[in-house]
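First comes one chain, alone, set out as structure tokens in the form predicted on its own.
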């Protein structure tokens, strides 16, 4: 662990980002947006107090991309390395879901695997939280333990810099050889800040009936036939915003057509399990015609299926779905009802 004076942050990040496509956070009122830039700009970019509107998955698993043609993969292989600065734990942890589905489960997705390989992640501790955040309720915390390359913890005593991967350690050795080791005061300041923000998020989650040790898998699995899904489904307009904003959702569809030059082309784009035709098969049958069944399926996959196959929830408590929902369905309310009903 190393110590970085706040006054040197701009120079430090400009050095890390040099020669790479940069994705950083810009502040817009009480929100942050993940934007692309040619370089780190201290006048424009910030580390961010909490996660941005846009999920990190969009950088390694784009909403729409051309696939299938050898030229498409060759183009991706020739692209410059990218670096994202300011990623928060909910987004970094969510990549574990995408890795399992798209890289570790055969057949591996070459586009995703390449994007992950070519993307460096500089994460940052949360120093505050949005009202919708509930990461402790799903076993997470507002700081990164693993999954990024370098983590920054900004405190009143300075910034604690920590390499979390071999690639991150190599990058720090080359880009910041003069940084001194972090002292006990800085480590204590980081730990105190983590405890403060963690308690803030725990209290907010608990105020909505979600405690850290709640068995969400048992709750969701035990309410499949409960009327709560019909009740919440009445407000769902099937817009798919919850899926598209979610940091862990990974479903997609393939669309075949032709390029502008008339050559055959295939596009991959994000899909939503709330859409009526999501589960429809080629013969026309649809096992989830009812909206309530589709809503339950979304929660069943996140809170029952993934604990079974990966030992963790496919939800990191970012709260983006609650903010994006046109019908004002709040995932915290749904989980609280499931806990009460189970």
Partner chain sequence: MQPDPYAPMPAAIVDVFAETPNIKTFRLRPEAPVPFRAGQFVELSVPGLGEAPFTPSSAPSVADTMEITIMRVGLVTERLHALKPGAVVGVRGPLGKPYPLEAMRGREVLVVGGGVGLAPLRALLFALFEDVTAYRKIILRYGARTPSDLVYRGALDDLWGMADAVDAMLTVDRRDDGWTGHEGVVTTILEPGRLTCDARNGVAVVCGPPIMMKFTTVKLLDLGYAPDRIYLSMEKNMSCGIGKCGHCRLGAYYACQDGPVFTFDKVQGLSRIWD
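Residue numbers count along the first chain shown, from 1. Here the structure is a predicted model, which is why all the values come from computation and not from measurement.
Keep in mind that the form predicted in complex with the partner chain is not shown, yet the notes after this line are about it.
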Practice task
Mark residue 39 yes when one of its heavy atoms lies within 4.5 Å of a heavy atom of the partner chain in the model of the complex, and no otherwise.
Solution key: no
Practice task
Report yes if any heavy atom of residue 102 sits within 4.5 Å of a heavy atom of the partner chain in the model of the complex; otherwise report no.
Solution key: yes
Exercise for the section: Verify the contact flag for residue 80: yes if a non-hydrogen atom of it lies within 4.5 Å of a non-hydrogen atom of the partner chain in the model of the complex, no if not. Expected result: no
Problem - the partner chain contact in the model of the complex: residue 280, any heavy atom under 4.5 Å - result: yes
Exercise for the section: May I ask whether 67, 268 and 293 all come within 4.5 angstroms of the partner chain in the model of the complex, judged by heavy atoms? Expected result: yes
Exercise for the section: Let me know the one among 206, 185, 237, 251 whose heavy atoms come within 4.5 Å of the partner chain in the model of the complex, would you? Expected result: 251
Practice task
Choose from 311 to 319, 281 to 289, 30 to 38, 49 to 57 the stretch whose residues reach within 4.5 Å of the partner chain in the model of the complex, heavy atoms counted.
Solution key: 281 to 289
Practice task
Select from 79 to 111 the residues with a non-hydrogen atom within 4.5 Å of the partner chain in the model of the complex and write them out in sequence order.
Solution key: 101, 102, 105, 106, 107, 108, 109, 110, 111
